[in-house]
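The chain that follows stands alone, in the form predicted alone, written as structure tokens.
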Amino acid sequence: MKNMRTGVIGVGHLGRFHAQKYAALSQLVGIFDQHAERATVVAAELGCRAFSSVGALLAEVDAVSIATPTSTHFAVAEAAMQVGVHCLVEKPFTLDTEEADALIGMAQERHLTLAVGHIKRVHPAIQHLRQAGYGAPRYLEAERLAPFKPRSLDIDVIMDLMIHDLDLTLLLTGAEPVDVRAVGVAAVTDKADMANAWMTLNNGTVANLAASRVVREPARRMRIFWQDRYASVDFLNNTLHIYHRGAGAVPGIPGVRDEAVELPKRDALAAEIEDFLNAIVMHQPVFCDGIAGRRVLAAALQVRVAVEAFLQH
């Protein structure tokens, strides 16, 4: 992959990290950012070129990460694929499903790799549970809470935070939402800053997801229930406990065995980008393709509609 010529479009908080990983994993040709001073600083840090336009960068690379505001994802990815450049688009994929469909179609027609940055898919706990063979869970609950930060304010908390757990819900169940109910509050910005969604999927699974970007103490937890066991994931502390029914004795809960799974420490963004580059070189499926990105976008839009209806009352 060291021969792969790469670039990053948008080197704000997240895009800068993308550029660092590409510099380690590939031949980072250069970056572009609408703020020229920011691009100059990052380029100097990584020993690459700060391009003066998106088009000039695209003419020099084989693959790019797109970490610009969501409203620009479609136009930038379209421009990249028109000149044969593979794309990793940060989440949320696009503004709507029509834009997503257009990009998916273009990638298929041009035989290009199109990935969407749903990074929680590469978390060791999620990979362990997917390989465990437990089948689709019956119930999931998640909370993803974060202190307020003056970035990503072009999107609401659903697209900013909850979308991670929506993606994991669809990934772990292999199902689609058929009934979505949600509430939300625009506490600090003019968009929903906290939301709670209750959804039923077409396989009967129920999910209860909470997200907020205005709390003092962060939390990123998910609990996943099957008929005879449940898993507790703490993404912040990188822990996974699986409680099995019928053997052992958890204090206060007779007949339940606590399996503490030792998880490796992993640079999730490096793993995501390495997977993207491998998919290009090996012509293999990517960790999260455009179809999967569109699926979770559609679910997030359903939650948004329900939240907006709640806010209007």
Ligand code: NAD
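These numbers were taken from a predicted model, which means no experiment stands behind them. Numbering starts at 1 and follows the sequence shown.
The same protein also has a form predicted together with the named molecule, omitted here; what follows describes it.
Interface residue among 213, 86, 164, 123, judged by heavy atoms within 4.5 Å of the named molecule in the model of the complex: 164. In summary, among the residues 177, 184, 137, 92, the only one with a non-hydrogen atom within 4.5 Å of the named molecule in the model of the complex is 92. At the 4.5 Å threshold, heavy atoms of residue 200 stay clear of the named molecule in the model of the complex, well away from it. In the model of the complex, the named molecule lies farther than 4.5 Å from every heavy atom of residue 146.
Residue contact check for residue 19: none of its heavy atoms lie within 4.5 Å of the named molecule in the model of the complex. Although the partner is absent here, residue 35 lies within 4.5 Å of the named molecule in the model of the complex, judged by heavy atoms. Contact check at 4.5 Å (heavy atoms) against the named molecule in the model of the complex: none of 129, 233 and 239 pass. Proximity to the named molecule in the model of the complex, taken as heavy atoms within 4.5 Å, picks out 27 to 35 from the listed stretches 280 to 288, 260 to 268, 44 to 52, 27 to 35. Of the residues in 44 to 68, those that come within 4.5 Å of the named molecule in the model of the complex through at least one heavy atom are, in sequence order, 67, 68.
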